[in-house]
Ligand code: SIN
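Take a look at this one chain, the form predicted alone, written out in structure tokens.
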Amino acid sequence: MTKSRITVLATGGTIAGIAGSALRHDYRPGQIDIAQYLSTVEGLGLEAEFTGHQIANIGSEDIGPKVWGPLHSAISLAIADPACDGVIVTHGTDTLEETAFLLDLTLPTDKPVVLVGAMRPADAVGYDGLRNFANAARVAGDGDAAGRGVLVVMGDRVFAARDVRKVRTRSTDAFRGYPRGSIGLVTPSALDWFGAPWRRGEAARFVYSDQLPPVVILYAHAGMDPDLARRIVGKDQRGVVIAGVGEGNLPNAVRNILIERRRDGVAVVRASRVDEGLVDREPEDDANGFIAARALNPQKARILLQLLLAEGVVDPAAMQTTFDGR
């Protein structure tokens, strides 16, 4: 059997973390470099040949544009290489969903791109990283993985980047998909898809930009001081995503401040702090110039809004069409 040729781009995280004790809770992420990691992977007997590159070696709480730019460039080079069948990105889990969504919006769908992480460091009892990596290798080497956008593999499940979200702080079953659940089940020896690819041959939806406009997330809560919104959402912000209560609701005093900011040209997206559920348009959104995030959580809504603003899209109706269709 011909082995898949997979490029592995490492960014650090728990999957490359060390605690110094098999029983210790705290640990240091990003301690194992990709050469050392792949030397361990070689002992698994996977049906793949790996080429590794270290993009960063940090906890994912510190990942942002300074890592996204080199990572995006490296993935683009890999998927353009005829000698590469697929790409795996090792990544910390805290911001994995944001990196996956950004890549999903800015990469073509010709070859599989799979993000994978771990919930336990490499020297912990029950380390899940090697199994997750073996699963990711099976997905990245599967021809049917292409045409589904960027994928995330965690806990024997395959998720689409748009749907995936981290929902638990410690469990190895820490990720869930919404509105779709997992789109496939995977083990190191088997892969089952729940349906056919839906994005075959699709070009990147957005051009990647290293200069993403400033967009802040404002978290709504009971007894919220409207002056907080005034301070956080300054006129220098290009956009704001409100992590609203319930279906994207917010106190009237805060709403009035955001209406003022909208008149100053700041884009306003209503999302929800609730884990699951749609945020639909409300009657006042047209008059206020607000956008409803639909199924996107606040952190993903922020990334989509940044990409829209980077491409010069400022009309709320055009933005809403994109949020509805993505």
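One rule holds for the numbers: they count along the sequence shown, beginning at 1. Quantities reported herein were computed from a predicted structural model and do not represent experimental measurements.
Another form exists, predicted together with this ligand; not displayed. Remarks below refer to it.
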Checklist entry - this ligand isn't shown here, but in the model of the complex, which of 44 to 52, 288 to 296, 26 to 34, 66 to 74 has heavy atoms within 4.5 Å of it? => result 26 to 34
Checklist outcome for this item: Heavy atom within 4.5 Å of this ligand in the model of the complex, from candidates Gly239, Gly92, Gly86, Gly149, belongs to Gly92
Next on the checklist: I need to confirm a contact call. Of Ala118, Ala145, Ala136, Leu102, which residue comes within 4.5 Å of this ligand in the model of the complex, counting heavy atoms only?
Outcome noted: Ala118
Checklist entry - Quick one: does Lys166 come within 4.5 Å of this ligand in the model of the complex, counting heavy atoms only? => result yes
Next on the checklist: in the model of the complex, is there a heavy atom of this ligand that lies within 4.5 Å of any heavy atom of Glu276, even though the partner is absent here?
Outcome noted: no
Item to check | Contact flag, Glu61 vs this ligand in the model of the complex, heavy atom cut 4.5 Å | outcome: yes
